[in-house]
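Here we start with a single chain on its own, the form predicted on its own, put down as structure tokens.
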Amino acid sequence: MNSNAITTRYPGYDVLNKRDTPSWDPITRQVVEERLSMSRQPRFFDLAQWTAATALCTCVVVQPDDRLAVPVAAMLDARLFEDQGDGWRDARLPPLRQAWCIGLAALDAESQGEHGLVFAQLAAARQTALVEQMQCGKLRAAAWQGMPSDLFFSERVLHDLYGAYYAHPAAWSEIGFGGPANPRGYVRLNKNRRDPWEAIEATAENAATVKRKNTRVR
């Protein structure tokens, strides 16, 4: 193994070091704390939906194993509980809550029809295969109620799950994001320029130096 190999593009960087610095204002701190302390118990989904949603999140959103996982399913459930829509939707899809209820039930129905087990009970490889069929629009059981499975995948599964993932501070550290621009703002917006409170991206040659610098980023 190459001793210079890097496992993260932003070694040493932790966005939570900005908690008590001028980078974040009280409102930002409150939002971040709410996301960090989010309940892992569903408030919108019933048990069957929650089980399917949790399995789907694990299947679709592959997370690093060297840190605590982002609670994607819990963030999705919270969004549905609060009925936080996008402000728009594809006319071929039902409203947000209805789309998810139909989609999860249909995924379980497809799984039971093909394997005799609900989606969460399948081995990982079979879950992936079923999701790939959904992505290609090949799932057309009556349980979909006319909702195109490929559209559900692209407009709801990918959009909502990755939207949840990258709304969490753990993912911010992973991509070197410093959080909301308020109150400091981002000034150096041209290509290959960064503000001093932004993380530095590492290469195999400079990883050690960058790690030391990123631990001081506030």
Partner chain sequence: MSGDAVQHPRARGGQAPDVFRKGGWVSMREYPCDEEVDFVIVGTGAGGATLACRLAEQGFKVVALDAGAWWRPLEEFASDEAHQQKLYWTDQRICDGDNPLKMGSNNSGKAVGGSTVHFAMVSLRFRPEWFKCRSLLGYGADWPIDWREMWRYYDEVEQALSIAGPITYPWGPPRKRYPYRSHELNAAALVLARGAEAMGTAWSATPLATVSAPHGKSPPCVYRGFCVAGCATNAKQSALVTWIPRALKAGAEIRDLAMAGRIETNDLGRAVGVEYFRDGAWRFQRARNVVVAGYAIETPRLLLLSANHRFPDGLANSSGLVGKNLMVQSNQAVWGVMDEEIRSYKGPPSLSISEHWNYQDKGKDFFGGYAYMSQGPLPVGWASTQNGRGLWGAKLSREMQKYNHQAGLKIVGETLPQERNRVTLADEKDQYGLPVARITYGFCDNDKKLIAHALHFMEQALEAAGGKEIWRQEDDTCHLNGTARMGDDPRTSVVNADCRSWDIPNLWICDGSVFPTIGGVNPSLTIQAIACRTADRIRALAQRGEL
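Think of the rigid core as the biggest set of C-alphas that the two forms share within 1.5 Å after superposition. Positions refer to the first chain, counted from 1. These numbers were taken from a predicted model, which means no experiment stands behind them.
Note that the form predicted in complex with the partner chain isn't included here; everything after this is about it.
Within 4.5 Å of any heavy atom of the partner chain in the predicted bound form lies no heavy atom of L47. In the predicted bound form, the partner chain sits beyond 4.5 Å of every heavy atom of E114.
The partner chain is not drawn, but in the predicted bound form it has no heavy atom within 4.5 Å of S37.
Contact check for P42: every heavy atom lies farther than 4.5 Å from the partner chain in the predicted bound form. Contact here is defined as any heavy atom lying within 4.5 Å of the partner chain in the predicted bound form, and by that definition each of E155, R193 and A199 is a contact residue. Taking a 4.5 Å heavy atom cutoff to the partner chain in the predicted bound form, the contacting residues in 30 to 65 are Q30, V31, V32, R35, C59, V60, V62.
The Cα position of A199 differs by 2 Å or more between this form and the one not shown after fitting on the rigid core.
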